[in-house]
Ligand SMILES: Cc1ncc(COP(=O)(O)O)c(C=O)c1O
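One chain follows as structure tokens, the form predicted on its own.
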């Protein structure tokens, strides 16, 4: 079943030639980082503030996800020596990336990014910025690592790489490829993957990696994703939900924006039309989200418990359910005012 799921992914993904299964997204990214270091012979990695790549030591540096919710930028128990190998710059900042490559010339093994940053709000990047990362990595012999644990199979079958038509050197996946069961995977070209044991010197193994239950669920899930029109319908449903919310809550006194891509959406209490970096999110705006979250729970709508979390529309959602959700959202937004926050 491991081979069957791998064949299913590789047959319809032009960016990968080999794939290796693990048991979580964290494991996938941890292994991909090790692979980048093994392939390049370099130690440092460059990541972006607010992007979350799992809870391995070297990546819990100015991360997003739950760390932002609790006001932390790192984690206890991470040695300073690990932190020193991780370079952190702001998203959407070409100058900072260029400076990092100049300062640490020939030392950066990989640049890791969520091509659709979705763990610290939905910080949509311009395609030009992702292309810039592709070019500067190529110029410097650095690998470009797309962490698609969230974006993979949500925008299209080939994830953000396919959506933007940008070829990363390594890709990580999780979540969807196990149909809801614990899973992760990392993949690359045959040349890069040849460094992984038993073909090469980079060791990675796991008793439950590629376990048959998760593989069977993944085969069923990804077969469904390959149905003609699957992703068009998902995007249509998501757009329908967003437009209904905006229409019904058009008289709200609280300013809000809903950002989306594919089946992913995020509500932000802001007047800005674009939010491309973690620093652009006003922490004080979370007071509105907390009240909205409580209101929606009372109406039977469950969002992630943090205002930095994104939402997803699934194929299982009906338009009747989307209408109920939009009405509840709008009522919640209309109920907000500055006096009772």
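Residue numbers count along the first chain shown, from 1. Predicted model, so just to flag it, every value in this text is computed and none were measured.
Keep in mind that the form predicted together with this ligand is not shown, yet the notes after this line are about it.
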**Q.** Listed range touching this ligand, judged in the predicted complex by heavy atoms within 4.5 Å, from 160-168, 89-97, 144-152, 130-138
**A.** 144-152
(Q) Just to confirm, with a 4.5 Å cut-off on non-hydrogen atoms, which of 195, 257, 244, 175 contacts this ligand in the predicted complex? (A) 175
Q: Using a 4.5 Å heavy atom cut-off, state whether residue 327 contacts this ligand in the predicted complex.
A: no
Q: Evaluate residue 263 for contact with this ligand in the predicted complex, applying a 4.5 angstroms cut-off between non-hydrogen atoms, and reply yes or no.
A: no
Q: Verify the contact flag for residue 238: yes if a non-hydrogen atom of it lies within 4.5 Å of a non-hydrogen atom of this ligand in the predicted complex, no if not.
A: no
Q) Is there a heavy atom of residue 32 no more than 4.5 Å from a heavy atom of this ligand in the predicted complex? A) no
Q: Counting only non-hydrogen atoms and a 4.5 Å cut-off, give the residues of 22-38 close to this ligand in the predicted complex.
A: 24, 25, 26, 29
